[in-house]
Each structure stands twice: as structure tokens, then as C-alpha cells.
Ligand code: NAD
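What follows is a single chain, given as C-alpha cells, in the form predicted alone.
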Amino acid sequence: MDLQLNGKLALVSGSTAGIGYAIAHTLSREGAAVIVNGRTQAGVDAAVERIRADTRGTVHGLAADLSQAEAAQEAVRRFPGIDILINNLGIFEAKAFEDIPDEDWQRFFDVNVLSGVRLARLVLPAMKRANWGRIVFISSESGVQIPTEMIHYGMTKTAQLAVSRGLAESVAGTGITVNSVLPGPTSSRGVGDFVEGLARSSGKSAEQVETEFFQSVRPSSLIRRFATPQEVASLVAYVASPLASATTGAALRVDGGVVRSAF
């Protein structure tokens, strides 16, 4: 399927690994010019080289912490006319509620929510002038089913749903769409490290740890495995394309059926 992304410029925040990298790679493969972002120059350069080598597309590098206002402003100055914004930047950690200090609540909100709010605010004027744009927030099933082991993370994922829906309503009647995508447990780099650490500490294989995770922690999963970053990226690429012009204001699940709801 041709997603009609030739000539579009896409910024994917936090895209040197995991879901963000898969999204950037897929958009490039579909013909979009892609801005790959990460905090270190070495990480950005490596990701850009891998994508270029595979897709032969136009791939730019942006080494910057986009949770910082100055970095976000400079990014939009450096790359004017962004057509597609994928707000993927995010952090997570498991921590008991009573052990989460105020500073962590603020840090999680700043990185997971405010970074996307700020970038959307910065790219929106150009999108309005062009009467076309795509803004996608990478939320999580944790925004619907708040995990007790990381309530602060779940809070930020719920907040993204609210921002996404509200922003979509604010651009009603234009060629701009705003959506959230909700991955479920996915085999990103952080999850892989987590599983490998549990396997080492328990003397079990990674496969055993994964099986037990879906038996005891996410028993509602219908695929009963971690999704791949590419499975998430495929949905995001469609939502970011002109073909998805009637999809806006939505919270789209690619969660492996973890959320027990028909809607």
C-alpha cells in the first residue's frame, strides 16, 4: 500500500531505538523525509546511518533533549514546515506509589506530557497555514489500565489522551488530524533490558520470564507475547498518512488485546 508520504517532513522524538526508531524507519521507507532525534550525537548518527542504508531516504539527525523548551524551539527553527509530528519521547520506571517523590511526578510530566504539548504548539502554526498536518501522541494501554507499579507513568499516559482529544477538537474542520496510539507491552530496548535482568536474577530464560509475565502481570493479553516495535510503527505510519484523513480525535490501540473493552 502506498501511504502517499513522499514530500512530507516528519519529526519523531526519541527515535534512536525501540518504537521511535521503528516509526522513523517505517516513515522513511514510505517516502517521508525523517528527523531522527535522541539526546546523544553518537546515538543519533548511528540511527540515521542505519535508516539511510536501508531506505535510501532523506534522513536528518537532531541530537537534543526535546523535553527542554530551548531545544524544542531550536528544533522547529532548524526544521521549519514539519508536516508530521510523532510525540514518542518518554520515560518509565517501576516504583511503589509511596516511594515516588514530588520531583519524579514533575519529571515524568515534563518529559512524557509537556514535551509533546510544547512541540505540538510549535509546529501547529505551519500546519494551519498549509491546512494539513498529522500529530500523533504515543500513549500506552497504561493510560487506560493504570499500572499499580508505576502510577506516575500511567498518569502521564492518560494526560496524553486528554491533550490529544482536546487538540483534535481545536483544529476541527481543517486538514490537520490529532490522534493517540496506545501500545501494549512491547519489546522495546527498555523492556528487553528489564526481561533480561529478571531472567538473570531468577535463573530463568527470557522466554520463561515472558510467559510468566503474561500469565501473572498482563493475563488479559490476547496475543500473549510482547508486540514488536514494528507492529506499533505500522499503525503509526498509517495514522500519519493522507490515507487516514477521517481518523482524528481517536485513541487507537495496538495493545495485543490487553485492554478488556470492545471499544
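For every residue, the number given is its place in the sequence shown, counted from 1. Note that the structure is predicted; figures quoted are calculated from it, not measured.
The discussion below concerns the form predicted in complex with the named molecule, not included here.
In the predicted complex, residue 157 approaches the named molecule with a heavy atom inside 4.5 Å. Using a 4.5 angstroms threshold between heavy atoms, residue 95 stays clear of the named molecule in the predicted complex. Put simply, residue 133 is far from the named molecule in the predicted complex: not one heavy atom of it is within 4.5 Å.
The closest non-hydrogen atom of residue 28 lies beyond 4.5 Å of the named molecule in the predicted complex. Listed residues 114, 151, 126, 191 were compared with the named molecule in the predicted complex; 191 is the one with a heavy atom within 4.5 Å. Of the listed positions (64, 33, 48, 235), a single one reaches within 4.5 angstroms of the named molecule by any non-hydrogen atom in the predicted complex, namely 64. Partner proximity in the predicted complex, defined as non-hydrogen atoms within 4.5 angstroms of the named molecule, places exactly one of 118-126, 95-103, 73-81, 176-184 at the interface: 176-184. Along 25-53, these residues reach a heavy atom to within 4.5 Å of the named molecule in the predicted complex: 37, 38, 39.
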